[in-house]
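The chain below stands alone and is given as structure tokens, in the form predicted alone.
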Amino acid sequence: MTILETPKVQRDVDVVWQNCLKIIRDSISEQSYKTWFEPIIPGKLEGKKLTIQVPSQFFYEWLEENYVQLLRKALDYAIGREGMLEYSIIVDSGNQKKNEPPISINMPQQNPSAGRADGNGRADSHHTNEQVRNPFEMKDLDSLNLDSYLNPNYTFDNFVEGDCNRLARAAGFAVASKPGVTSFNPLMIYGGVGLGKTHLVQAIGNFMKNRAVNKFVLYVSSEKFTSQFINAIRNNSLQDFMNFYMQVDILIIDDVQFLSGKEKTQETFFHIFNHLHQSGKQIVMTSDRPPRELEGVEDRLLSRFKWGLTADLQTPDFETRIAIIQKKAQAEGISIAYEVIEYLAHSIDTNVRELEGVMISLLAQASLTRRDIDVELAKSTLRHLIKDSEKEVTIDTIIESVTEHFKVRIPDLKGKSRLREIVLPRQIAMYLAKELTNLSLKSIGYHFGGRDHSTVIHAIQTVNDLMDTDKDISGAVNKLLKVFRK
């Protein structure tokens, strides 16, 4: 009898959890579902209490911060209003895994933070009212004067959220709301140039500073930190330097990759990092690459960079680029036709900084020439900004070169004609756009009469095949490529 009961119990808990997942999967994106719910293992079901296994304390806190209401809704469906949820956290200790004592909650309620919150849900504060002394005021050093060095224009409100940055923004807001309390300590934000790293971490700093005026928030670049460290050595003030940084409540350090190769600076930062982390102070960092790819940084420092959460910022997708342009236009108090916004979003897919730079130039051009902002002005502005010693590589210059070579009209190339003398140049132009630009297939299709990405894929494959079998076409394509690759 006992042999049969265990599988039945397991089937019961599996059924309940699958019913929960039905509700969850319909309420969030596929990526979020795979990231936060697929790793969960149903544990046991005791009456109305469901136990689930989660991979880490961080994982548990993230669920509590972001999905507590959704989990409540799922429990209502699978068990009823009396349903309770219990987390069993798996801790990885070397090659052996053990379960921590389960955490039980009767949802919804305040996030249980291991005694870090009082009865009103406020985080404990060990900060005294003593004035923070700046030792640099007494030395001939690069004084910080207790200035946070934050740009007040960088806020969460004007940081445009999209799939490319959602995790980083959510983690940043969680840290800003509860500095030093969550498992996101340190918080490492990484990504390429112009994707919004500095904006996001300064938004964290501004939020903290405005919310807790008695906290000392400091934003500093790694170059500035290194420069101050060198000045401290030169002036025999290294202990003052250390004391100053150890009084910071929230340290935000930008571009930590520039600490590479600076052994003494890294050693000092290591001690500051340890002190702040052990004191429950929040550390936020940015880098142009993930910690595992940072070369010239000591292993002991890299291991600490991985203690908390590492989140990346990716190149903004089309929808996010649309939102960024609209936000910028709104901030400037101007109205731009949607066709212009769409053209810009399809034409610039590198980073946020370049997108904003084009917007500033476009507004300046419109003001100086007293012209309305239309697609033609946008095209003219883009051609003016793109630097190329010979031929500008844009979707428009590619189309112009192809139509000149094949003696066809641009409206025909972008139109619906199915004549071979039009279709082939159109396919070659799409092929060149894929080879010579960073535009997505969707954006390439947009510039050819709004065709979808499958049409672009077919065109590229067709040209590839023809280049292997038709010398004339191969010659024409290579000739056009040389125009842009001189």
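Note that the structure is predicted; figures quoted are calculated from it, not measured. All residue numbers are counted from 1 along the displayed sequence.
The same protein has a further form, the form predicted in complex with a small molecule, not shown here; the description that follows concerns it.
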property	result
In the predicted bound form, residue 194 touching the small molecule (heavy atom, 4.5 Å)	yes
Contact label in the predicted bound form: residue 182 to the small molecule, heavy atom within 4.5 Å	no
Interface membership of residue 199, the small molecule in the predicted bound form, 4.5 Å heavy atom rule	yes
Contact of residue 317 with the small molecule in the predicted bound form (heavy atom, 4.5 Å)	no
Triplet 329, 332 and 359 all within 4.5 Å of the small molecule in the predicted bound form via a heavy atom	no
Partner-contacting position among 343, 87, 159, 305 - heavy atom within 4.5 Å of the small molecule in the predicted bound form	159
In the predicted bound form, the residue from 229, 207, 406, 154 that sits within 4.5 Å of the small molecule by heavy atoms	154
Stretch from 159-167, 236-244, 72-80, 369-377 whose residues place a heavy atom within 4.5 Å of the small molecule in the predicted bound form	159-167
